[in-house]
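Listed next as structure tokens is one chain, alone, in the form predicted alone.
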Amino acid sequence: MKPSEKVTQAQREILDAVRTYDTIIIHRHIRPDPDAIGSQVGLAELLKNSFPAKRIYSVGSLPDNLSFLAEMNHAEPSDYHNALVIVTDTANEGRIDDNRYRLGQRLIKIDHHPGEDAYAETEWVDPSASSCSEMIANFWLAFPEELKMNAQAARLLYAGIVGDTNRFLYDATSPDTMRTAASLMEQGFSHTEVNHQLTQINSKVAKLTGYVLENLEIRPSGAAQIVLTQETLSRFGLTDADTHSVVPLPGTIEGVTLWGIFVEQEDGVFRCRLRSKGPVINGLAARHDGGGHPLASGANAKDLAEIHQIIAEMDELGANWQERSTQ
């Protein structure tokens, strides 16, 4: 199918808005991952290359472990006057980084997470996409005569796809994902270097990896979990931002079908990263101040008691999955 045959009404509205506004400010979610940075700054670079006369900003905080991907811009409150604001990779309004996003004249949401939080005037939401970065790349492919890709934008979007698919291992990876990634790889950046940068860990995280594998609790249901307290993180000299690379680890263990990594934050609440190889977990996440994809979700627990409740629900999901699988 030709890219032009895939064009949606939302995509047309977004391009029309981009044409109209001289200033475009792009936001994404707090505690960004490679897809958040990739889609945000990848879109910014794509638009800068396509519309060089426009002023385009990428705003928000950037953790040190992702500084190799891009740099953020500084935008003044006055820059939002008569500006188009685009938020990428953010399902819930409360998770948007930098609360000035409402200062613009028009707000657009581009996201691949299923959700009901409609906070923008124009929304392009595609839960079938592997990542928001894949969506941005498909936006380019839908309008190849007007949107001009370059190596920097392609590098960022490729990194976002690789990050959210765990190097194309997750079920969300489709044939379209692979075709889109191939189109980006043709743009002249080193995909090998990107892959190395995304998978490389320092010695502190390597030691945490060993700790996770050694202390992971695996239940007969196939549910697995580990709690990383502030005390544990301090022992390794790490913060929550450094724990991203350990999230896929339990999934490499035979017999584990769903798992949770529970990381204590500085305020005492726990960030819950939930993953699955089969049981649908986004309903569970929604019951605990979260949400996400059927097999990859996030939630929040106010204390250890709520963590134990989440683990009990995971245990039930795993047991039910096992029972259905043997029927």
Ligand code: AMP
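No experiment lies behind these values; they were computed from the predicted model shown. Residue numbers here begin at 1 and follow the sequence given.
Although it is not shown, the form predicted in complex with the named molecule is what the next lines describe.
Checking 101-109, 133-141, 199-207, 88-96 against the named molecule in the predicted bound form, the stretch whose residues place heavy atoms within 4.5 Å of it is 88-96.
Although the partner is absent here, R155 lies well away from the named molecule in the predicted bound form, with no heavy atom inside 4.5 Å. Proximity of S297 to the named molecule in the predicted bound form: non-hydrogen atoms within 4.5 Å are present. Proximity of K277 to the named molecule in the predicted bound form falls outside the 4.5 Å heavy atom cutoff. Taking the partner from the other structure, the named molecule in the predicted bound form has a heavy atom within 4.5 Å of a heavy atom of R271. Residues of 257-292 lying near the named molecule in the predicted bound form, listed in sequence order, are R271, R273, R275, D289, G290, G291, G292, the criterion being any heavy atom within 4.5 Å.
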